[in-house]
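Starting off, we have a lone chain in the form predicted on its own, written out as structure tokens.
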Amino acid sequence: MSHRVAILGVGMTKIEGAKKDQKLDDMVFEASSKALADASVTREGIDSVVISGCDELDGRCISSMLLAMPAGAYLKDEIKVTDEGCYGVILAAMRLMTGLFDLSLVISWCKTSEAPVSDVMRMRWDPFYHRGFGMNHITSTALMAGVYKSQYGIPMDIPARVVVKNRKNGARNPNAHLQRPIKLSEVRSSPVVSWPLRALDCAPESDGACALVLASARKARELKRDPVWLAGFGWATDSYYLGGRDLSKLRSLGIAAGMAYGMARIKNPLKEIDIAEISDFSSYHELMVYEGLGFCRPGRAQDLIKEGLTDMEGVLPVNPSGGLLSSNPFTASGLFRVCEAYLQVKGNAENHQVQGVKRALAHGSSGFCAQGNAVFILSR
């Protein structure tokens, strides 16, 4: 049994606000086909398909019954993760590490333009303790951002600079949903949607699908590929009950990062990682993720922004693709982060490529107030 897992190729659709001329089935087929082509393998060679989707957002009960086929799972060993797409990578990797599988396709999608996202998220709350407050994904994100802001005295300009940075990066990414750079004054003047979040502090709602091909070390050698290695990964889930959590910190992210760093033998992430693709579902949460990943001490993420350390030209560029603040296909956004990290390590990220990337970090998050987190280290 080998514990080494390789990524051979990725496939992504263009991320848009509304894919009116493309059905969800066609989106899934496009992403899976592109991943197989990028990996130079055929569907027949795949022995495992891991799909990730949300039935409520798909508007279909057990949506995998209809979407497994365009995903390439016909007559294949298929399994579904009903969570963020990045968790599909973890499941597929562990299946490969058992030695029972050699070549796996992982795919995730979301078509938010056809789903009442706010209603779905509101109904996902616990009916006894949370649902009565009427919170959704935006108000709960704002609750966490407010706690963090109050705890560490974060000036309003700091998260605004995060937005400007990521939207500038997204303008370089032809695959991004929002491709217009914005000014600091635009962030400041955008309307408050849920204090302290302004409209431009929040990730948009997007349509998109992405996929990647994973292989065992033996299969990668057999195919004579030059892969990107999944050097480490980790995941953790915090308490569901908000009253039992410190909302100024991402505790489960710290645990997940520790697992991934230990597996990849990373001791100083700020110095040993070349780029990071993280799930910034709000500008404040990008700051919190810096701290959860150990890039700085709690409350000091603002220093990284002030010093430009996470800009494209900085010591550790964060979200060179534009991140979720530029493109957010909701339950697939974490898998997009893994795909973007892969492109950076391969040197194939085109206009948003960071030079000399040898090791990249990808991060996905799920649940209210970032309850669950997953971290991936990709390396040549």
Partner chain sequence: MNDGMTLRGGWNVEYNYAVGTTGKKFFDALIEKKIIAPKCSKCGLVMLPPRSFCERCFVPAEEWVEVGREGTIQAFTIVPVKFESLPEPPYAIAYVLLDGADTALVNFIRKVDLSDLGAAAKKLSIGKRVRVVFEKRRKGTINDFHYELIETGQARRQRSKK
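Quick caveat, the model's predicted, so the values are computed rather than measured. Residue numbers count along the first chain shown, from 1.
There is also a form predicted together with the partner chain; it is not shown, and the following applies to it.
Asks: In the predicted complex, which of the listed residues (132, 174, 308, 262) lies with a heavy atom within 4.5 Å of the partner chain?
Replies: Partner contact (heavy atom, 4.5 Å) among the options: 132.
Asks: Just to be sure I understand the contacts: of 217, 182, 193, 296, which is the one whose heavy atoms reach within 4.5 angstroms of the partner chain in the predicted complex?
Replies: Answer to the contact question: 193.
Asks: Is residue 161 near the partner chain? Define near as a heavy atom within 4.5 Å, in the predicted complex.
Replies: Residue 161: no, not in contact with the partner chain in the predicted complex.
Asks: With a cut-off of 4.5 Å between heavy atoms, is residue 258 one of the residues that contacts the partner chain in the predicted complex?
Replies: No, no contact at 4.5 Å.
Asks: In the predicted complex, is there a heavy atom of the partner chain that lies within 4.5 Å of any heavy atom of residue 241, even though the partner is absent here?
Replies: Judged by the heavy-atom cut-off of 4.5 Å, residue 241 is in contact with the partner chain in the predicted complex.
Asks: Please check if residue 226 has a heavy atom lying within 4.5 Å of any heavy atom of the partner chain in the predicted complex.
Replies: Outside the cut-off, so no.
Asks: In the predicted complex, which of the stretches 114 to 122, 182 to 190, 166 to 174, 270 to 278 has residues with heavy atoms within 4.5 Å of the partner chain?
Replies: Answer to the contact question: 114 to 122.
Asks: Look at the candidate spot formed by 42, 44 and 73 and say whether the partner chain comes within 4.5 Å of a heavy atom in all three of them in the predicted complex.
Replies: No, the whole trio is out of contact, none within 4.5 Å by any heavy atom.
Asks: At 4.5 Å, heavy atom to heavy atom, what parts of 285 to 307 sit next to the partner chain in the predicted complex? List them in sequence order, or say none.
Replies: Not one residue comes within 4.5 Å of the partner.
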